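Only one chain is included here, represented as structure tokens and corresponding to the form predicted alone.
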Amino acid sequence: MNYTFFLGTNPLLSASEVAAYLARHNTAYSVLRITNSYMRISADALPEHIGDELGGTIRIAQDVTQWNHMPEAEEIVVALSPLPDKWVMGLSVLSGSTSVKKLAISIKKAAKAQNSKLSFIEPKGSSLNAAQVLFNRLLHEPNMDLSIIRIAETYILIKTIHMQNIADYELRDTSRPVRDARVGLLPPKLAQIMINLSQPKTDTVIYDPFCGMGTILQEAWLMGFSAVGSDLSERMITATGKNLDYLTQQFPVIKDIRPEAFLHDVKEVFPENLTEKNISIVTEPFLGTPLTHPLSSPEIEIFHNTIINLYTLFFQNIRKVLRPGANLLILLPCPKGADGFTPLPRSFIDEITAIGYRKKQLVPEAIASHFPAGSSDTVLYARPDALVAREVTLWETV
């Protein structure tokens, strides 16, 4: 079976997450095609909860059939037959100049000839958005959300099997009882991506030593992982507790593995009892003082120097409680300058390596080969108006 993953705003990061998730679930697959919009793979089947646990995939569709020409309405009806007595269809044509409305009307007529009553949901843009798909229950049989994509001279009819639940993400983000933009607002989708890219195993305990308001802890909990967090601020520990309490009211979590959060300064020695756990670090540390403008080269050097000492102490102290081969998925700040975003200097990377870590390849070769040449051990994540980008990095203890 062929599947299409419609990727988020950072397609390289989204595609890498898909690859990491499939690898963790021992799902054999082959990459068919990757663009800035979607990733197509061939696999026997997908893991059961993949749609709910991918932060970087907007929707997932599976192939229905294909043609070597733009299909006529009758051909589409044949591909979908036998038709239900009454159903609702969403239709998008993602390639070419075909009128979606005209094609849908023709499909309705062809369906009517088979005594099938069809209602059509017209896209507000090039394709139906999540709100249209979910509100009109297009993922509930016998309804369907269909799209036609063109690859070279092949036209492929695909059917949506999962759509990101925008209402759930709102509950886990803007509706939480405690939010504070001053200490950063890590999006739940990015937290999911980070957890998946950290390549956790079944017995892994996700540890966020800069837990803030608990976003990574909540997403790890929702994915069924044990998790623990700590923070320098007692106010943040309290906020984490309130947000986790709220989560139990909104989602069916496993209460026996509720995450713990404790007060701790990463510049100090970590508690020895952490050595008893198979820890994997997933964290967004302090990213520096918020910026109001792009920085000059001297200002960038000052920005880096103000946080390098904190990061170095963190890597030194956490190393003492991590097992060999432990993974660390960490976001590092890249302030914006005249020539774009500037990552931390190579000297910092060398220093961390000397402590007992190696930087791992974040982007699998099967994914990287579909994108312009660049580094495969980091990916930049930034909003369009960001003054500080996040460099997504994966490390391993040696």
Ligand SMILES: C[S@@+](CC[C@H](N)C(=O)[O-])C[C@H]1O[C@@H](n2cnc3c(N)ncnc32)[C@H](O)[C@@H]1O
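Start at 1 with the first residue shown and count on from there. Everything quoted here is computed from the prediction, not taken from an experiment.
What comes next is about the form predicted in complex with this ligand, which does not appear here.
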Problem set entry | 215, 233 and 284 each touching this ligand in the model of the complex (heavy atom, 4.5 Å) | yes
Problem set entry | Proximity to this ligand in the model of the complex (heavy atom, within 4.5 Å), stretch among 74-82, 118-126, 206-214, 99-107 | 206-214
For this session: Consider the chain as shown here, without its partner, and state which of 266, 94, 133, 274 has a heavy atom within 4.5 Å of this ligand in the model of the complex.
Result: 266
Problem set entry | Contacting member of 295, 156, 111, 186, with respect to this ligand in the model of the complex [4.5 Å, heavy atom] | 186
Exercise. Would residue 167 sit within 4.5 Å of this ligand in the model of the complex, counting heavy atoms only?
Worked result: no
Exercise. Does residue 308 reach this ligand in the model of the complex if we count a contact as any heavy atom within 4.5 Å?
Worked result: no
Exercise. Using a 4.5 Å cut-off on heavy atoms, what residues in 10-34 are near this ligand in the model of the complex?
Worked result: none
